[in-house]
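Let's start with one chain on its own, the form predicted alone, as structure tokens.
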């Protein structure tokens, strides 16, 4: 049961004309590797079965990077698709933000993506915020676009990508985690739009839970006190992902519900527009686990048909890619004027939400 209430505006309204400063998505792109890993396939890898996986996660298939295919390849495919969809030449891009957790090297993935797609004038940086990395990256790009316009009078175009290759950090002997994870990438192009766009953002973290969802360090100290060295297998570093699923589930549901309500409240506080959860037309939650998505919808009072769930069924948990992959899935059915909320939760525990009008 969700309590609905209205909050009077507590802050002065912005002096900048909100309509002229509207920033929204103008292009969508997505990519999943062609290599598909089904529940039946997993039965030959680890002690599990299709019925167990479906009951606990709702996942039927996931896509896995092929030999020789890289995280950069996925990011580039999604980015090029979004730019083509927006009718934007890569040389026009001013800012590139990449939400990613599995790029264990430098230079950043964003700078490598800049070179790959041919965007020579763009600033570029990675954002690591667990599965909430895409939401954090959109918030950063959105704020930069607003500041560049308000302070310098410049129109800015941003490319935001969410991408992860979780198969690279999966322990395939751990059935609690390996059945969940898949690889993929999604991307959006942001710029000023005549109407609609992003209405509010909210991000949050609670580092007290850092020990219930984490990955090993690529660099590990040796017991004899000698200098740190790479821990590795024959094919290179393997910083495996670990998770206490029960603890993550409880906090994830509570946090995602809270973040959705908070981002709506922030918009009301800033504008006085009287909207509530009942006015939301569609919800894009991070595709962690079908049971989490069902519980979030139930707690918010949002019917499941208004919640994007197809991603977790077809792609599994693709971390930062899951929300933009949802946009890409629904790109042909999106209508104008809809109120939508994106919400994500991940390691850290980093979380966040975005309120948008299409």
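Keep in mind that this is a model prediction, so the values were computed, not measured. Positions refer to the first chain, counted from 1.
Omitted from view is the form predicted together with a small molecule, to which the following refers.
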Given that the small molecule is left out here, which of 122, 198, 157, 179 has a heavy atom within 4.5 Å of it in the predicted complex? 179
Please pick, from 208, 151, 143, 246, the one residue with any non-hydrogen atom lying within 4.5 angstroms of the small molecule in the predicted complex. 246
Based on heavy atom distances of 4.5 Å or less, which listed stretch (23-31, 295-303, 66-74, 44-52) is in contact with the small molecule in the predicted complex? 44-52
At 4.5 Å between heavy atoms, is residue 331 in contact with the small molecule in the predicted complex? no
Looking in the predicted complex, any heavy atom of residue 262 within 4.5 Å of the small molecule? no
Considering non-hydrogen atoms and a 4.5 Å limit, does the small molecule approach residue 60 in the predicted complex? no
Is residue 314 near the small molecule? Define near as a heavy atom within 4.5 Å, in the predicted complex. no
